[in-house]
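There is one chain below, alone, in structure tokens, taken in the form predicted alone.
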Amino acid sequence: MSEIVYLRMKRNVEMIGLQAVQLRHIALISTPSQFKRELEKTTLYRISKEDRNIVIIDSFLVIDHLNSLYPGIEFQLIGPSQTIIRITKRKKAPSILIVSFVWLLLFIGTAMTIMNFHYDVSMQEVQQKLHYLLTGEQEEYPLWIQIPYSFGLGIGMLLFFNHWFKKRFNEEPSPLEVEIFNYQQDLDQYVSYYENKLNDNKPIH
């Protein structure tokens, strides 16, 4: 009776530079076999410059390669059927000047957006009328409404995005994180289909 090795392909892997892709990089292995460490170090692919920044490793090719190397072992796949390898360059520390410029640009853009929104909906007139309804007096700058409103706007944004720098308020994802996740899922599906060499990507005429 042949030994059984269970493979679970990883969905996404990030690798730096041109290097050999081993089984341990793209899959999780479960087996009591004594060959486990040897399997983990099995080279499946070597990244080259022609690959640019994305490589798709299909489980069919992985199992086919492993079967040729280990004919006495039965490989069973669970989970995803392929792995997306994103090739990145070595990350450098971000420049303080660039970070400051981007932060300032976002700060000014956000401030202009909020100001233009308040101008479009006549927020100052609304607050003046609210002050008049509550007090019976006309006031051009009802600060007792405007100041708490300003603080509430900032606190509301923090609660909406569920972040204070790197700290989360709770485990629930923010709407922005959900949208980014959905976008990443769609992007992965597109890349998985068009970058997989086993798929016939030629259009039908």
Partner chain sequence: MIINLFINFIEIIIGLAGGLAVGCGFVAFLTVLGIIPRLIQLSKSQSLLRVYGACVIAGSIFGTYISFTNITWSQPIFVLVLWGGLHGIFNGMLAAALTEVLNVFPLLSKRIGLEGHLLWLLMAIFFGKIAGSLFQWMYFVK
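Note that the structure is a prediction, hence the values are computed from the model and not measured. Rigid core here is just the name for the largest C-alpha set that superposes within 1.5 Å across the two forms. Positions refer to the first chain, counted from 1.
Just so you know, the form predicted together with its partner chain exists too; it's not on screen, but the next bit is about it.
**OP:** Run the contact test on Ile4, Val21 and Lys41 with a 4.5 Å heavy atom cut-off to its partner chain in the model of the complex and return yes or no.
**Re:** Heavy-atom distance to its partner chain in the model of the complex: none of the three under 4.5 Å.
Subject >> Partner contact for Pro94 in the model of the complex: its partner chain, 4.5 angstroms, heavy atom >> reply: Because a heavy atom of Pro94 falls inside 4.5 Å of its partner chain in the model of the complex, the answer is yes.
**OP:** Spell out, yes or no, whether the shortest heavy atom distance between Ser81 and its partner chain in the model of the complex is within 4.5 Å.
**Re:** The answer is no: Ser81 has no heavy atom within 4.5 Å of its partner chain.
Subject >> its partner chain contact at Glu172 in the model of the complex, heavy atom, 4.5 Å >> reply: Yes, Glu172 is a contact residue.
Original post:
Though only this chain appears here, would Ser48 touch its partner chain in the model of the complex if you measure heavy atom gaps against 4.5 Å?
Top reply: No.
**OP:** Tell me, out of Met123, Leu77, Ile87, Ile73, which residue has a non-hydrogen atom within 4.5 angstroms of its partner chain in the model of the complex.
**Re:** None of the others qualify; the residue that does is Met123.
Original post:
Considering only 99-121, what residues come within 4.5 Å of its partner chain in the model of the complex, judged by heavy atoms?
Top reply: Residues within 4.5 Å: Val99, Val102, Trp103, Leu106, Phe107, Thr110, Ala111, Thr113, Ile114, Met115, Phe117, His118, Tyr119.
**OP:** State yes or no: after fitting on the rigid core, is the Cα displacement of Leu104 between the shown form and the other one at least 2 Å?
**Re:** Result for Leu104: yes, a 2 Å-plus shift.
Original post:
Core aligned, does the CA of Ile78 move at least 2 Å between the shown form and the other one?
Top reply: No; that C-alpha moves by less than 2 Å between the shown form and the other one.
Original post:
Superposing on the rigid core, do we see a C-alpha displacement of 2 Å or more at Met157 between the shown form and the other one?
Top reply: Where the cores coincide, Met157 still shows a C-alpha shift between the shown form and the other one that is 2 Å or more.
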